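Below, in C-alpha cells: the form predicted on its own, a single chain.
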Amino acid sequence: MKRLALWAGPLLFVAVLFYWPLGSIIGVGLSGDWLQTLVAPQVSSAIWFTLWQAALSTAICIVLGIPGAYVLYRKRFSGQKLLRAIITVPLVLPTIVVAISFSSFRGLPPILLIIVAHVFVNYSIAVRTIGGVWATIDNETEEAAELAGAGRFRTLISITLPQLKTAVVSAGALIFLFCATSYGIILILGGGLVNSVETEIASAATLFLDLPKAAALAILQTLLTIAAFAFSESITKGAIGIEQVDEGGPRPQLDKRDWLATAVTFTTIALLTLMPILVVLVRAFVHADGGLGLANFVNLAGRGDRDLLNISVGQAALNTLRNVSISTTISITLGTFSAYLLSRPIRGKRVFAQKFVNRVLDIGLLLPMGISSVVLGFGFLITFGGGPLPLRSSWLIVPLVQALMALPLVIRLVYPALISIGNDHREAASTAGANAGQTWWHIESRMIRTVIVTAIGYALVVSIGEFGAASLLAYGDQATLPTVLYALISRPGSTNYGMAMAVTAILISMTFVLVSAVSFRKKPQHRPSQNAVS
C-alpha cells in the first residue's frame, strides 16, 4: 500500500497528460466511421508507406548496427569514446534539424532521403543497445569456438547473436516505432509528395479540421505502438537500457582480423553520420552570393525576408530555454523517482502479482515514447481547450508535452542502471540501520550519478528539439526554435535559407557539446550482483 501511495505523483502526471488526451482521441475516432477512413486510398497508401519504410529502416539500422556495436563496445582502440559521441548526436538532434540537413541533397528521390535520414537518426540506438549488452558478455565462449576452428562469422551467427537476441529485439522495436512516428523528416523531405500516418494526422487536424479522420489514424498509431511494445516485451522479459553502469571486464584491442567490421563501421560513420552534419556546418557560412562569412548568423537578429517570423530567433531561443528548463526538471524528477520505485526488490507472498503490476507500470510509463508528439499535440488540442484544465491557452502546454516525451527516456536510462547494481548494497545499508531514503541519497544515487547526468543531457536535447507538438501548440510570440526553423526552411528566399542553416549549425554544435559532456565522463566500475537483470 505504501508503494502504491508513492506512485501517486508519476501516475497522476501520466494519466492526466497522456491517457486522458489519448482517451479523448479514441472517443472522437470511434464516434465516426473510422474503418471507412482507414481504407480510403490516400490513407491506406500513407499507412502502407509508414509500415514498410519503418521496417526497412529498422532492418538497415540493425544490419549496420551489429558491426558497429562490435567495434565500439566489444573492442577497444584510441578515439572510441569520440566515435560513440559522434554517432549519438543524430539521435538527439531535433528532427527538424535532421530534415534540414538532408534537404541539402534535394536531387535524390524523397523516399530514399527519408529512409537514409531515419537510419542516420536511429543507427546509434542499434549500436548502443546491442553494444551495451555485448560488452557485458564473457569472452570465453567465443574464444573457445575460435579455438575449435569456427570462423568469426560462424561464431557470430551460432553463439553471439543468440545471446544478443533480447538486445536486438529491444533496439528493433524502438527503432521501428521512431521511424513509424517520424513527422518532421517526412514533412520536409517528402515535400507533400510522400505522406505517412503522422503527416496525415497533422493535415487532417490543422488544415482540414477533420477531427474524426485524425483521431482514427491516432488510434491506429496507438495500436501499432502497443503491438510493438508487446512483441518486444514477450522476447526481452526484462529491462534493456542504452546506458551501462558497467561494461564488463577488459576488452581486447582492435586487430587486423576485425577489418571487415571496422571497415563497415568507419564507412557508415563517415558517410551516414559525418557527411550530412559537415554539409550543414559548411552551408551555414555560405552567403547568398556564394561567398563565405558570418552573414547568416548576423541575419538571426532580424525576422527573415519580408518579416516572415512573428518573433526573432533570439526570442524563440529564450522561449525554448524556458520550456526546456521546466520540462527537464519535471522529467528528471518524475523519471528518476519512477525508476527507483520500479527497481525496488519485491518480496512477500504475492511476488508474482507484484511483479506483474511492476511490468504493467513500466509499460504504461514507457508508452508515451511510442506515441508521436503530433498525436499528443492533437490530443491536447481537443482535451484542454476548456473545462478544469484550459491548458491550450497557456504557454505551459509545450513544456508539459516535452516533459511527457522525455519521461520514458529518463526511465529507460535510469531503471536498467539501478537494476544492474543489484541489491547487496541495500541489504548492507539496511543492516547498518539506514532507511531507504538514506540508502538512495548516500549510495545508490552516487553509484548511478553518471547515468543521471546522461539522462539530464538527453532530456535537455529532446526538449530543445521537440517539433511535432510545438508545431500544433506554440503560436505567435510563444514560438520555439524548431517551429521558427520550419518557418524559415518552408518559405523561399536566400536569407531565410541561410538563417535556417545558421540556426541548424548552432543546434548541432550545442547537441555535440552536451553529448560529449556525458560521453567522456569517467564511469565508476560496479560489477553487477547476482540479483541484476540484464
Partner chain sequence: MQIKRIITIAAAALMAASSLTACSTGDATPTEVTVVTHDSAVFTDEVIAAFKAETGITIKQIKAGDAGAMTNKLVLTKDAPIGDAFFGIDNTFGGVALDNQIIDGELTAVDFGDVCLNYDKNWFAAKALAAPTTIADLIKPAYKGLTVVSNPTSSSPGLAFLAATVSVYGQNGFEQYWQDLKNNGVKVAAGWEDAYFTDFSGSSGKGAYPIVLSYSSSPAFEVREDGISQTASINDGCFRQIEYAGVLKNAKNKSAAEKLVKFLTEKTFQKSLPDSMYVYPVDTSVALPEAWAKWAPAATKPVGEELSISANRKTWLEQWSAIFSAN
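The term rigid core refers to the maximal set of C-alpha atoms that superpose within 1.5 Å between the two forms. Positions refer to the first chain, counted from 1. Predicted, not measured: the structure shown is a model, and the values here were computed from it.
Just so it is clear, the following notes concern the form predicted in complex with its partner chain, a form of the same protein that is not shown.
* Using the partner position in the model of the complex, report whether Arg106 sits within 4.5 Å of its partner chain, counting heavy atoms only. => Taking the distances in the model of the complex, the answer for Arg106 is yes, it comes within 4.5 Å of its partner chain.
* Can His442 be called a contact residue for its partner chain in the model of the complex at 4.5 Å between heavy atoms? -> No - in the model of the complex, heavy atoms of His442 and its partner chain never come within 4.5 Å of each other.
* To do: Verify the contact flag for Gly385: yes if a non-hydrogen atom of it lies within 4.5 Å of a non-hydrogen atom of its partner chain in the model of the complex, no if not.
  => Result yes; Gly385 sits at the interface with its partner chain in the model of the complex.
* Could you tell me if Ala46 has a non-hydrogen atom within 4.5 Å of its partner chain in the model of the complex? -> Judged by the heavy-atom cut-off of 4.5 Å, Ala46 is in contact with its partner chain in the model of the complex.
* Since the chain is shown here on its own, which stretch among 389 to 397, 253 to 261, 128 to 136, 217 to 225 would lie within 4.5 Å of its partner chain in the model of the complex, judged by heavy atoms? -> Among the candidates, contact is made by 389 to 397.
* Asked: Are all three residues Leu209, Asp307 and Arg491 in contact with its partner chain in the model of the complex, where contact means a non-hydrogen atom within 4.5 Å?
  -> Yes, all three are in contact.
* **Residue among Thr333, Asn358, Thr166, Asn195 with a heavy atom within 4.5 Å of its partner chain in the model of the complex** => In short, Asn195.
* Only one of Gln36, Gln42, Ser31, Ser509 has a non-hydrogen atom within 4.5 angstroms of its partner chain in the model of the complex; which is it? -> None of the other options qualify; the answer is Gln42.
* Threshold 2 Å Cα movement between this form and the one not shown at Phe512, rigid core reference -> No, its C-alpha moves less than 2 Å.
* **Thr383: Cα shift of 2 Å or greater between this form and the one not shown (core-aligned)** => The answer is yes; the displacement is at least 2 Å.
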